[in-house]
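Form predicted alone, single chain, as structure tokens, below.
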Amino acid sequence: MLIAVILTLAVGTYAFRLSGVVLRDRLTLPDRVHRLLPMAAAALLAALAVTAALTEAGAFAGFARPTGVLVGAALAWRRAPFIAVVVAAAGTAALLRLLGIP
């Protein structure tokens, strides 16, 4: 049963992604929708990042993780190297948890 679910999800995901490639030239979107699509993708990614940073199992994740994400976002905004962004964000969250801040 589990294998059938995994295969069904794999086929569905592949078909969904393939439909974008196949239908790209066949669909004509209004200009307004065409202009809004990049912003919609950015908004969706931002919403996913915020949800992942602030919640854990449906509850507030604590202050350490969002603080680490903010440190990482600030360093990414300042165009720091990727490894520095990851290490600083993880280090900030770990240090705060070590200090007893959840």
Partner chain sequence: MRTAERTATPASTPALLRDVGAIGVAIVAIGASFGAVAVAAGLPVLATIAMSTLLYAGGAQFMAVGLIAAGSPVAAVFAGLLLNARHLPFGLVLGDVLGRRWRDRLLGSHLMTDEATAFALAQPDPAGRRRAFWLAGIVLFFAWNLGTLAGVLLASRVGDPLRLGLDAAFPAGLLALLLPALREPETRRVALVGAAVAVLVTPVLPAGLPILLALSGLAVLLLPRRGRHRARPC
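Residue numbers count along the first chain shown, from 1. By rigid core we mean the largest C-alpha set that fits within 1.5 Å across both forms. Here the structure is a predicted model, which is why all the values come from computation and not from measurement.
Heads up, the form predicted together with its partner chain isn't pictured, but that's what we're talking about next.
Participant: Even though its partner chain is not shown here, does Pro30 get within 4.5 Å of it in the predicted complex, heavy atoms only?
Facilitator: Contact check for Pro30: no, nothing within 4.5 Å of its partner chain in the predicted complex.
Participant: Give a yes/no on whether Leu99 approaches its partner chain to within 4.5 Å in the predicted complex, heavy atoms considered.
Facilitator: Contact check for Leu99: no, nothing within 4.5 Å of its partner chain in the predicted complex.
Participant: Does any residue in 1-23 get within 4.5 Å of its partner chain in the predicted complex, counting heavy atoms only, and if so which ones?
Facilitator: Residues within 4.5 Å: Met1, Leu2, Val5, Ile6, Leu7, Thr8, Leu9, Ala10, Gly12, Thr13, Tyr14, Phe16, Arg17, Leu18, Ser19, Gly20, Val21, Val22, Leu23.
Participant: Using the rigid core as the reference frame, would you say Val33 shifts its C-alpha by 2 Å or more between the shown form and the other one?
Facilitator: Yes, its C-alpha moves 2 Å or more.
Participant: Given a core-based superposition, decide whether the C-alpha of Leu44 shifts by 2 Å or more between the shown form and the other one.
Facilitator: Passes the 2 Å threshold, so yes.
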